[in-house]
Every structure is written in structure tokens, then in C-alpha cells.
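The chain that follows stands alone, in the form predicted on its own, written as C-alpha cells.
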């Protein structure tokens, strides 16, 4: 890759270097969590986790494993910084995100450490562009304390079926009500919009249901405004895991296959809508 010769002189000073032959494998994942301006990057030897949050009620995490990158080098146990996500995406698609078969934008992403900008080297068709994006002091991200041992109910669905449900439910509803139960209706999505109530039920033996592990009946409501950003991830994904814990917190984990067939994960955490939690369900 031409970029491999671009940095040799000063490469040893970078605390993080991550290279991709196809920048779309990063930009597509980041677009799926772009509902606020800024994102926090946390790099470890396992890869990069990118976190976006809203109002202490919603958190989205995109996981890009180290194996996804053609080159991944980190000189510290962990590297953390905050960056403007919109600016980063503009840079990653600076060549227009070409959809021409066989034409991809190569990326080399480098970071010198605290206080330094994030440097992107982008190459397409022999043309190299260098972008430097100011980084900020990373803010502490929320700990939703979503522990697998506290998970009460879990289903894994093929994403097509959930996309279909979202197209049929009334999006004028302020909340999405999720019922998960070992008994009928098993897994139900409900909305309460301008045209009345709407329900979408999934039998536990449905072809679209890959895993059904529900131990007790739970009905929780979540603000639709908080869940809408996750539909970006849903549109990219092939499977989705839906889990609720003993507090009613919701985890939506999307399995996304990139242009090269590799698997990445996007996870959304959402707290229940307490205003209606005590109302009749």
C-alpha cells in the first residue's frame, strides 16, 4: 500500500497507528453511531471502541477489532481521546466515498498522544491527502453497569425482521414498549401513536428468532427519540441481540458485516422511560 512509505521517518513517535485498505470499513461503522457531534475513542491491544452519548440516557459503542485493520500498533496499554465525529467522517469521505468497483480509499490513522491532533493519511488512485483533526480531553463515559449476570431476557433476531417491524410500527408514538416473556406473546413491540396502539409479535419458534432466552415477563418502555438513532445500525446489520436486565435497561447489539466480510459490533444502551414505567402496561 503506498501509504506504508509515507510515515517511516517519524513513525516511532506515534502511540497509535491503525491502517485500513478500505476507509469505508471505518466510516460506515461510525455513521451508525453519529447522533451527537463528539465521540470518545478508546484504543487497546484488542482494537478501538468509539463511544457516543446523549443525556446520560443513551450510549452507543462501536467496536472495531484489531484484526480488522491491516496494521494496528499501540505503544501504551490504552490510548483515549475525544474528537468531533462529523469532522472525522468528512475527512474519511474526502474522496467522495467512491462506489466504483475496485476503487477504495486507503487510510492510515496516527495519534501522537495527549494534546496532539489525530492525523489521517488518505490515499486513492495515487493521490494522498493529510488531515489533522484537533483532539479534546476525553470525558468520562457513562457506565451503564450492564452485566450479563443481571440479564433477565435475551433474544437474537435476524435484522430483516426487526427492520420490517419498525416500518410497520407507528413512529409518532413517544415510546416503544418491549415485552419479553417465557409465555405468550413471547416478544412484542408496541407503539401508542396518533392512529392508536400497534403491536408486532414474534413467536419464540419463528424462523427469524435465532435465540430465545426469556426467564420472566418484563414490560418496559423506552423513549422513541432515544431509540431512533439505533436504526442506522439496524440498517447495516445482519443480526441483532436484544437484552434487558433486572433494572429494565436495554442493550441492542448489532452484528455488522463490512465490505470485506469481516464482523464488527455496534451496541446501544438505553435506560427505561421512568415517567411511564409505573403506568398500566
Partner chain sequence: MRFRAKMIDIGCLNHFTRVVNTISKLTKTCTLRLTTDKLYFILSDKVANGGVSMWCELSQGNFFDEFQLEGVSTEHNEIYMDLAAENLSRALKTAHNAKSLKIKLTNKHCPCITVAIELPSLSRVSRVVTHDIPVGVIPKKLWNDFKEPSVPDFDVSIYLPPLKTMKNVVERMKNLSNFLVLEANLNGEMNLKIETDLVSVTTHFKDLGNPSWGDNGSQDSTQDRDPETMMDVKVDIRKLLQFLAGQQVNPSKVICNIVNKRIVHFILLHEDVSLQYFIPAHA
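No experiment lies behind these values; they were computed from the predicted model shown. Numbering follows the first chain given and starts at 1.
Keep in mind the form predicted together with the partner chain is missing from the figure; the text below concerns it.
*Asks:* Hey, of 176-184, 148-156, 129-137, 71-79, which bit sits against the partner chain in the predicted complex at 4.5 Å between non-hydrogen atoms?
*Replies:* Of the options, only 129-137 has residues within 4.5 Å of the partner.
*Asks:* Does the 4.5 Å heavy atom contact test between residue 94 and the partner chain in the predicted complex come out positive?
*Replies:* Contact with the partner chain, yes.
*Asks:* Examine residue 90 and determine whether its closest non-hydrogen atom to the partner chain in the predicted complex is within 4.5 angstroms.
*Replies:* Within the cut-off, so yes.
*Asks:* Can you check whether residue 84 is within 4.5 Å of the partner chain in the predicted complex, heavy atom basis?
*Replies:* Yes - in the predicted complex, heavy atoms of residue 84 and the partner chain come within 4.5 Å of each other.
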